[in-house]
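What follows is a single chain, given as structure tokens, in the form predicted alone.
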């Protein structure tokens, strides 16, 4: 059977899905500069493949331009077609960045951080997902039996990640039912989000080839263990030296790091609409789920929205090179580009206004009175997507970070997603997200 190799130029869209157009690989050199045609209303295709209210209608033309530094070309060695795609930027036909391009949004945020502070973001994503073969006994969380059960998947997956240019860090059997976690090594700038997209897509590609279904849904049913996305962040100065750690600072945070964290926490009740943007995300963002329920800073606290991570203080190891903080309030229904961009923009606002973070928590906030929590500078995160969207709609500071018409387009997209769910039972809603992600 004759075949001609195809390659795809992709974007990570408002639903967190990866979409794009393919063309013959023979045309790649031409496409590197000219890209491929795209349509504005494509941004309004929701997670459920319905089209939300669009301000663009049937009008407008855009380009998807590939980034040569964001290419995945993976041969699984089983005779199946290559996984070959680029992540790209969405532009107008004259090359200007499109206001609703999430990758361009992140690039702009990182450039602003660098211009105003001299700092580069060094970040890494970790993601949780679940297998759907409910009949299998996976053994205890973190156990060798569960690792052994999915060792074939893990080895194929790690090889695919590495071939795609993602440096794998760990693959483990997590605590939840059929739950596993994958992490990568940190990268500078936009490459971290590129790798997060590829890490997720290589999991799906592995799942398809091994006929072993998985889901990245935030939570499969009420009271289940949720699947989160955690982003580890630190900073490098102009010389590439660590700039996050100060042993005399609160929690070990340097001055720019603590201002950044303070801004992230202050704006988290609004930007949670970007980080955890599904109707079921808020079932996971609750006390005692090891996720995030308050906009608090925690010292080694896995229920904090931002956690100061431990380091190995052993002979020969540099504490400053290890030191980082972890943003724990996201999930895989979001685009990694928008998750990271909104966190960076919030952090920049904290640096500009020299905000100070609250004292790190080391206790269960849910047992405290609301007045005590407020007095310590924390608040409960929104408990539903609609609450989060209303807060975003009315937050003029956060709106000012994004060009028009981005926020209004995003709100329409998410409300279109919610409208699709209106006549579904709770069980049907959970299943819809499980299937979509």
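Residue numbers count along the first chain shown, from 1. Bear in mind the structure is a predicted one, so any value in this text is a computation, not a measurement.
Missing here is the form predicted in complex with glutamic acid (GLU); even so, the following discussion is about that form.
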232, 258 and 322 - do all three of these have some heavy atom no more than 4.5 Å from glutamic acid (GLU) in the predicted bound form?
no
Glutamic acid (GLU) contact at residue 289 in the predicted bound form, heavy atom, 4.5 Å:
yes
Check whether residue 227 has any heavy atom within 4.5 Å of a heavy atom of glutamic acid (GLU) in the predicted bound form, and answer yes or no.
yes
Is there any non-hydrogen atom of residue 173 lying within 4.5 Å of glutamic acid (GLU) in the predicted bound form?
no
Give a yes/no on whether residue 108 approaches glutamic acid (GLU) to within 4.5 Å in the predicted bound form, heavy atoms considered.
no
Could you check which residue among 128, 201, 246, 71 gets a heavy atom within 4.5 Å of glutamic acid (GLU) in the predicted bound form?
128
Glutamic acid (GLU) in the predicted bound form has a heavy atom of only one listed residue within 4.5 Å, and of 148, 114, 162, 302 that residue is 302
Looking at 314-322, 266-274, 176-184, 358-366, which one sits within 4.5 Å of glutamic acid (GLU) in the predicted bound form if you count heavy atoms only?
176-184
Can you name the residues of 310-328 that have a heavy atom within 4.5 Å of glutamic acid (GLU) in the predicted bound form?
328
